[in-house]
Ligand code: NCD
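Consider the single chain below, provided in structure tokens and representing the form predicted on its own.
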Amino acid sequence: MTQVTLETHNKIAAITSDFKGKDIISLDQFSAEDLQTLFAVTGKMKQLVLNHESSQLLAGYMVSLLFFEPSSRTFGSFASAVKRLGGQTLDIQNPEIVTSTSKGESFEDTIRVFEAYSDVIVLRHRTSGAAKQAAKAAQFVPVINAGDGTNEHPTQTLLDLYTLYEQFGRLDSLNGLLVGDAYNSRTIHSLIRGLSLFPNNTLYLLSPVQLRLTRGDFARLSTQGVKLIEISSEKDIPRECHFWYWTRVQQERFASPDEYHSAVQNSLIVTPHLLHDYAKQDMILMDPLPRVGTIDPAVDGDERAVYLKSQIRNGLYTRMALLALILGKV
């Protein structure tokens, strides 16, 4: 069995210009070597935070946070990441209401306006492909995709992969269970892409029938190096899974409340009983959050539950590292 490991965190690999000035739009643009670089820097950022060390690494830099959709963790962690490194943020939530977009200004012009005020644009948008559109419009500063519709959420996957690496010391030969809204979940789409960079990974997909991956997405993602297996109920969950990744049914993606409630009725919730019956002791339970009909709070105290512990904190560290690399400060 070939084992692919990343260098230890206290050894930063030779930093190249692969990140500097680059847009971060999709997991497809990353290589295993890119992750090695990012994770090495992430480890340094984690120690900086844990040691309460001040940093002026991004002093003099301004990062625009343009969030056309609500966000707690992604918005908060990016804002914290910039400020912990001595930079500043221009925070714009609901731009369609508080900017000239409400007057009919085009999306491209809005991007160009905030490009003039900042060194990086972090964009969340409800429309799939908006991040790529923004990157094309911005001529002078990089754009980071903070989630575009049902398409991708690359920085979420970077923190998820880092969480897996911290736990298992590798990103190959893993068995994972992905549960919930595979049809709409940009986090599931990106995580599959990320794990396809490493060999011998198998992912089991458990979703209500109407929320499975499209047949086109399933076929396409299956060709990218990761083995995908769809299962129908909790009784099919393999006992050898290294991790479970639970996602909510996304109400905002449905045309009507009736359609949403129909999907929710068939969703599965993690309970202590489910963990006891189907999970091994050294696995981890992940959730990109928010937790809406996904995990019983009674599970929070289980040592395998990392969603409110290491997973959420790793979002800060990876985004600090990513910003520092993109701006050429490490």
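Note that the coordinates shown come from a computational prediction; the quantities given were computed from them, not determined experimentally. Residue indices: 1-based, along the sequence shown.
There is also a form predicted together with the named molecule; it is not shown, and the following applies to it.
The closest non-hydrogen atom of R84 lies beyond 4.5 Å of the named molecule in the predicted bound form. When the named molecule is considered in the predicted bound form, P290 lines it closely, a heavy atom lying within 4.5 Å.
The named molecule in the predicted bound form is approached by Q156, whose closest heavy atom lies within 4.5 angstroms of it. Although the partner is absent from this view, H125 stays clear of the named molecule in the predicted bound form, with no non-hydrogen atom inside 4.5 angstroms.
For the marked spot (R170, S196 and H242), a heavy atom within 4.5 Å of the named molecule in the predicted bound form is absent from each of the three residues. Out of the listed residues R73, K227, R212, K136, R73 is the one that sits within 4.5 Å of the named molecule in the predicted bound form by at least one heavy atom.
Residue-level contacts in the predicted bound form: of T163, S118, T187, T110, one residue has a heavy atom within 4.5 Å of the named molecule, and it is T187. Heavy atoms within 4.5 Å of the named molecule in the predicted bound form map, among the stretches 148-156, 218-226, 171-179, 203-211, onto 148-156 alone.
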